[in-house]
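We begin with a single chain expressed as structure tokens, specifically the form predicted on its own.
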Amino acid sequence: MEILKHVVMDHFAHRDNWLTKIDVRVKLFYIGVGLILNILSNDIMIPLVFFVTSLILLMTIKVSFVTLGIRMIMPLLFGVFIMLIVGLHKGETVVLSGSFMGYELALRKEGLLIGLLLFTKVAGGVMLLLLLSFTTTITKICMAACWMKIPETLIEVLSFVYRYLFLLIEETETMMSSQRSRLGYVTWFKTIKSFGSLAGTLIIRSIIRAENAHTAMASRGYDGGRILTIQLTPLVRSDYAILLSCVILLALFSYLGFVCF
């Protein structure tokens, strides 16, 4: 559970550095437009540029490669899986062929190129989201969502999900320690059985905890509505300067990706 705890902890966003000081609305504009360009790109150049740029920005606030690697493992594995699947089913030019369990498999050049584009889009998009999560707390994101007139119900759900996620992790750690003390992970069969029991128990306890939390809040007069007591301050001159820089940077990326390549 240490890896999971390391992945979801937002202690980086609470640090004092130049990226965390940037207004959340400016960062959301850059990330949002960047994700749109990343999805619409027909070449691997734009996703790679966003990937490298985000990586460099995170390096400036001393985020280690190990920390980024832990968060990128699953998305990159899915990207490789997608690239292989597309390579096996699309195209005509065979690059590599072989047999597996009696089935003839062939990787095709055209499919691999399409899969590579999808892989770079996954890598670039995830790195953009990591840039936001490493530099912005969930409270500021909720404040920006409120400023953008997002329905309060969605903001409320986001806040509670994030709040109780850590309680769920603590509950999981306690249960895993209990199972480990009873030799629940000594063999492969016992490990699978322990994980199954752990998942079922967590679902039941999550439902019970949600009902108890709802009862406690309702008994104190809470019937939904605004949960944020702090509002965002108006943008200042430095925020507009950074916003203009983001617009110029995104326009440059768009030109390089859609015109030059």
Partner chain sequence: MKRIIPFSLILISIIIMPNLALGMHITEGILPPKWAIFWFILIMPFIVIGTLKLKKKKREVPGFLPLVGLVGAAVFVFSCFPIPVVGLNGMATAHPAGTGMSAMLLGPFVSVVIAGIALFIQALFLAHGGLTTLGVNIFSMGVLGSFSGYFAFRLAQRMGLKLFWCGFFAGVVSDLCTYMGTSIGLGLLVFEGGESFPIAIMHSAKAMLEIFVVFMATSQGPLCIAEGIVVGFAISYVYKVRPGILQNLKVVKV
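Keep in mind the model is a prediction, meaning the values are calculated, not measured. Positions refer to the first chain, counted from 1. We call the rigid core the largest set of C-alpha positions that still match within 1.5 Å between the two forms.
The form predicted in complex with the partner chain exists for this protein as well; it is not shown, and the discussion that follows is about that form.
Q: Taking heavy atoms only, is Gly69 within 4.5 angstroms of the partner chain in the predicted bound form?
A: The answer is no: Gly69 has no heavy atom within 4.5 Å of the partner chain.
Q: So, in the predicted bound form, is Leu96 in contact with the partner chain at a 4.5 angstroms heavy atom limit?
A: Although the partner chain is absent here, Leu96 would touch it in the predicted bound form, with heavy atoms inside 4.5 Å.
Q: Within a 4.5 Å heavy atom cut-off, is Asn38 in contact with the partner chain in the predicted bound form?
A: Within the cut-off, so yes.
Q: Is there a heavy atom of Leu198 lying 4.5 Å or less from a heavy atom of the partner chain in the predicted bound form?
A: Flag for Leu198 set to yes.
Q: What residues in 115-135 sit within 4.5 Å of the partner chain in the predicted bound form, counting heavy atoms only?
A: Read in sequence order, the residues that approach the partner chain (within 4.5 Å, in the predicted bound form) are Leu118, Lys121, Val122, Gly125, Val126, Leu129, Leu130, Leu132, Ser133.
Q: When the two forms are laid on each other by their rigid core, does Gly184 show a Cα shift of 2 Å or more between the shown form and the other one?
A: Moves: yes, 2 Å or greater.
Q: Establish whether a shift of 2 Å or more occurs at the C-alpha of Thr137 between the shown form and the other one, with the two forms superposed on the rigid core.
A: No, shifts by less than 2 Å.
Q: Is the C-alpha displacement of Val80 equal to or greater than 2 Å between the shown form and the other one once the rigid core has been superposed?
A: Comparing forms between the shown form and the other one, the Val80 CA shifts below 2 Å.
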